[in-house]
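The chain below stands alone, shown as structure tokens; this is the form predicted alone.
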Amino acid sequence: MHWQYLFRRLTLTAVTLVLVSAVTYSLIGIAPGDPAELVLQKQLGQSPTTEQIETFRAKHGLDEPIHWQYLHWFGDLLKGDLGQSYYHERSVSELLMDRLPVTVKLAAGGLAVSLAVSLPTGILSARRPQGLADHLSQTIALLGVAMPNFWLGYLLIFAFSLKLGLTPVYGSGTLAHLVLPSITLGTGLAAVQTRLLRATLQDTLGAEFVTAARTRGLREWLVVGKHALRNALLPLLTVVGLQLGFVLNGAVVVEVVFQRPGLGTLLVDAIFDRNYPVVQGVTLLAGVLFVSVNTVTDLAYGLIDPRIDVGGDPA
């Protein structure tokens, strides 16, 4: 790994996050509705007066042009301050730290489910193309890609929670609460991973170095597990890294369906409540997680295959 490469990636990450925050703030600025009026109406239980609205706007800087609001927000961000929630009487940082573990557990559970499904089914499909296992895994993968998360979530709740009573319907806190949301989130990820692993592993199994390994008398599981799978994992790692970045999008839907108090439900509530500091905080955190995961994924190439010189000049 080259330190110059790492520096370039970190610089690009910082620029990306600034652009994400600027775009998000611009979109918030053109969104319809007055946050001051909406927030005060909810807090007071009645329509606020003009004076109360103006006081709220002045307190939160909403009476300034949108670009000045953004610059003030960005200046506070450099000091580690993400602002104050309009509703919770708490800082945005505290809200994010409270909700983040719930979403991280869901993302980890979804990824674990996807890998537990995609690795064996992808290998079986690649080794026995057009066989029963291949047709079955392809059918499941197609259903996983086509079925929306919210629909699968409601089906699982109906079958395993309401009919069989095996898992809780909603909420979080125990491992049982995590089972159905993880399956819901992981099914779509597993479908993509299975199809990719099948295709790349099939190509690798036909390579000369695999044929040479077989002619040396190595057992088939060793040829597949040590030689072929290792090469096929690189594109899978790329997809998993990208999927982790998009897991937050899926987590929004899954958390709403299962009423899990994570970042997804926090974001949805904040959007409907016009709680702009929270929307901006969740968006920024999602951007940080996305670019960080992709940077770590790129750096992991060199660990999986030492022949790859991460950040080196192309040959």
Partner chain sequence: MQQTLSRRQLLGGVAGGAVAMTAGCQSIGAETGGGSKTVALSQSLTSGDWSMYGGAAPYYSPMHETLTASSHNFSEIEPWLATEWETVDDTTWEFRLRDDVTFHNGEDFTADAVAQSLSALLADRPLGWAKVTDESFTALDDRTLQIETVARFGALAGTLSHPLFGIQHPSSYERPIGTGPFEAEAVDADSPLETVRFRDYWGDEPQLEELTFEGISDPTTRSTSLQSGDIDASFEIPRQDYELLSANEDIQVRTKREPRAGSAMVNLYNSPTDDADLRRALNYAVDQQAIVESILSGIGAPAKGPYPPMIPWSAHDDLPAYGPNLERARELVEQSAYDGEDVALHVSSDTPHMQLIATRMQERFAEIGVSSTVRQFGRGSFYTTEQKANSNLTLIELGSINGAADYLVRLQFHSEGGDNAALHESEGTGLYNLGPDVDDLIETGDRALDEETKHEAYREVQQRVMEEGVLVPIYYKEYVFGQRANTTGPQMHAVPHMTRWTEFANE
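Numbering follows the first chain given and starts at 1. Model, not experiment: these values are computed from the prediction.
This next part talks about the form predicted together with the partner chain, which is not shown.
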property: Which of 115-123, 141-149, 160-168, 69-77 lines the interface with the partner chain in the predicted bound form (heavy atom within 4.5 Å); result: 160-168
property: Answer option from L27, V288, L38, A58, heavy atom within 4.5 Å of the partner chain in the predicted bound form; result: L38
property: R90, R128, R230, R214 - the one with a heavy atom within 4.5 Å of the partner chain in the predicted bound form; result: R90
property: Partner proximity in the predicted bound form: L95 to the partner chain, non-hydrogen atom cutoff 4.5 Å; result: yes
property: Contact flag, G33 vs the partner chain in the predicted bound form, heavy atom cut 4.5 Å; result: yes
property: The partner chain contact at E54 in the predicted bound form, heavy atom, 4.5 Å; result: no
property: Exercise: R99 in contact with the partner chain in the predicted bound form, heavy atom 4.5 Å; result: yes
property: Partner contacts in the predicted bound form for 267-285 (non-hydrogen atom within 4.5 angstroms of the partner chain); result: D269, F272, D273, R274
